[in-house]
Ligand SMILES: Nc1ncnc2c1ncn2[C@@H]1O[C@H](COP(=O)(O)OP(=O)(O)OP(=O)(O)O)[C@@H](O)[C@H]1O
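First, one chain by itself: the form predicted alone, in structure tokens.
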């Protein structure tokens, strides 16, 4: 499961918390294993000898072990959740950074809802995996190892019978896991489809209402929602089947242990206290085996989500700085398009052999029918896309030989589709110049004819 292994690499930065969680898990497993042994000793020593003092001491030891176990459980849970939340924080930042730096061509193909699903639902699946599955698997290994050793020490013949059920239980869990993994992939993909539909409906709500298309959009959303519901119900059915099967196998193991262990006690080869301790360890064995189904489900879900996250993080931007790119110095703005051709998909040309020149201070108007490439020409200048042939220069500098940041810092552009961020009017006007003086912002608003209505707002 390469995605799961790669997700675990994010944990390395927090090795101190990992050490703390591991120590807490070791303590939790150790005190859990101690309790059945103490109860067995209480029966064989305290009750058999009729020693009230021994019973009180062993009872106190059981209480102390339980308290210490609780403290270890707290340390393990808190540390694991801290690590999981921190990795989720890192992943969300990495996704946001990746999306911000991908080229326009990527966003032409990507759907906003799909990207949002990866940054939210998929990251949350990873958090669950790191918080519960990783520590759960380590805890299961520690408990199983300790339980099996102690069971064999108590009675090797009885342990062999009990252990015969373990491979069957693990086989059942792994079989269900192989079905759950693709099921979770389909659920995550459908969640992204539904999120995309919802995002588009909300973004275009004015158009939907203006053309009275509410019934069609509602029907479409219900269809996607029903598809998601059907996938989740199927997955829940598979997951629900897991626990009863494992419980049945463990019940059979318990019944076999009681029958065979009872005979051992009757024939004097096993003490009553050791049988009680053995059944106690078998009860402890029930917990990790039952949790195995939940953990496998969580791992399967994390693998599906991890693949989707890393597909995004590994995406390469088509617009990158050349290895020898330089900072574009302050320019006067002499723009030249020299035999420029361009195609969005490398098949259908949008521009063919375009040559034009705009000198400093000139105003150049581009006229043409819809789809003739007017907007495309303006998008090529700040390198939102790269030309497929020819070159573009500013003051003689080929724009592909300067850094993208220094290029765009010297270009002002008004896009076709206006967009306002959830910020102040001042922030939106000065979005491209964070250090713009307030007087310039006001002057820009006046030139745009917006100053008067801006001043009518609360606090301007």
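Numbering follows the first chain given and starts at 1. Predicted, not measured: the structure shown is a model, and the values here were computed from it.
The next section is about a form of this same protein that is not shown, the form predicted together with the ligand.
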| item | value |
| --- | --- |
| In the predicted complex, segment of 247 to 255, 362 to 370, 162 to 170, 137 to 145 with a heavy atom within 4.5 Å of the ligand | 362 to 370 |
| In the predicted complex, residue 314 touching the ligand (heavy atom, 4.5 Å) | no |
| Partner proximity in the predicted complex: residue 197 to the ligand, non-hydrogen atom cutoff 4.5 Å | no |
| Residue 384, heavy atom within 4.5 angstroms of the ligand in the predicted complex | no |
| Contact of residue 209 with the ligand in the predicted complex (heavy atom, 4.5 Å) | no |
| Of 350, 123, 270, 284, the one that lies within 4.5 Å of the ligand in the predicted complex (heavy atoms) | 350 |
| 320, 213, 234, 374 - the one with a heavy atom within 4.5 Å of the ligand in the predicted complex | 374 |
| Residues within 4.5 Å of the ligand in the predicted complex, restricted to 396 to 419 and counted by heavy atom | 416 |
